[in-house]
Ligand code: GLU
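Take a look at this single chain in structure tokens; it is the form predicted on its own.
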Amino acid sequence: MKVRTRFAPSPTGFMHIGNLRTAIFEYLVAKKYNGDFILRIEDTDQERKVEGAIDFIYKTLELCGFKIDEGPNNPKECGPYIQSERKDIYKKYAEELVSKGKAYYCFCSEKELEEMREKAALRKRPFLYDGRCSKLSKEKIAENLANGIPYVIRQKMPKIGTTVIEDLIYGKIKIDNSILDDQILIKSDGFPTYNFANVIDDHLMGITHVIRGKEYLDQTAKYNLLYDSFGWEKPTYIHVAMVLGSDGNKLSKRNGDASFMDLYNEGYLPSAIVNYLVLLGWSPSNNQEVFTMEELINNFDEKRISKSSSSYDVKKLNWFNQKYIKNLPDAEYLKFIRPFLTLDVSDKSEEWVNKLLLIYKDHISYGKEINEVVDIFFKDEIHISDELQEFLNSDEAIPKVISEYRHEISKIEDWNIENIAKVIDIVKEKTGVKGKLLYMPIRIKISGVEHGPELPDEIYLIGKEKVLDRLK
């Protein structure tokens, strides 16, 4: 049987990090076995639908390098791939369950349901629908339907025994049927619920592996009962532990956590984001950390997905992104980084700008950071912290070094990096000072910081007049 996985996001805005990680796992499982990766849009909750969100989904998957084998933008025989276009399909299967006695029409008003919720709250019990409409006679059901009374279709759950869930990561889990609610399958507006539409679509689209968050693990009992009601084969379930934020809560766009497009717009490379996210909850058999997509596909083992939650750490993401930026060819790096430079370079040559950007290629961890690290080249004055000023006052050789630098730099007629580097050697020879006391005083005086790119490059880009002024 050909492996088929599906990514089924809701079109409610940018794709958040936890959702994207699930998509990565789904994609890797499919491609590892030369299978199909299907995109399905789950828009059953029409109130939360955001205009343009489907385009964000396409864009995100494209940037991450995912090839969609089937989907709304690449339809095949299993379409349509947008749930709102499949309403008649769901209604047909819900009616089939009603005819089998596995589901029933529920005509309860919102007032009746609210009274049930209040009684459950008073008893300090979770609300479960009491199944009263499952006891209606055929005549009463026909009468209600003829009178146009609004209804939903509910799944008729067994009230005794257990339902067994088989999961690749968590093993065999038994769920007591007495805690299962008679869940709604078709809402009063004719749209299916998320749970019901998923089962129907996964079966009809031939999905063999369902990968989703651990928080949905208990819901799988309801899925399995639906599969059993239809006599369908169940897919392989792979539930993955949550990704937690720094506050210990699940990452969510509702909580304002970063989405993929937020990170992309900040200057994080999609390949770095994918590499980082796949290691949140999965570990390779070796100690490798940086992977190409091909390496991920070849090395991915779904059985090595962890049962434990992972913590989203932006510092670790920065580490990955910095490595990917450093590995870009210079021409590709310049094309990537140039749009993030927002400082005014109208009076600078293209050669100067490219040189500036290139000397910081090994020093930035995301695109927008370039403005923070290069602002010293655009300031008329710099600030030296008390700590660094204390260093400048810490050795009697430092004033002499600074004075000699200024003297030798003032003599340079052909302002280039090679001549600037020669000045450093001259100062070293004339003062007898080397190491930290030779380099750091100059860097601090001209930039206000103690670390940076190669000193001759930095001096060259700041410019002769500005360097002489800062060395006073």
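Here the structure is a predicted model, which is why all the values come from computation and not from measurement. The numbering used is simple: start at 1 and walk along the sequence shown.
Absent from the display: the form predicted together with this ligand. The rest refers to it.
Only one of 148 to 156, 211 to 219, 329 to 337, 120 to 128 places residue heavy atoms within 4.5 angstroms of this ligand in the model of the complex, namely 211 to 219. The partner is absent here, but in the model of the complex a heavy atom of Tyr194, alone among Tyr194, Phe377, Tyr360, Tyr264, sits within 4.5 Å of this ligand. Val467 falls outside the set of residues with a heavy atom inside 4.5 Å of this ligand in the model of the complex. Although the partner is absent here, Glu42 sits close enough that one of its heavy atoms falls within 4.5 Å of this ligand in the model of the complex. Mapping the unseen interface onto this chain, Gly18 falls outside it, with no heavy atom inside 4.5 Å of this ligand in the model of the complex.
When this ligand is considered in the model of the complex, Pro9 lines it closely, a heavy atom lying within 4.5 Å.
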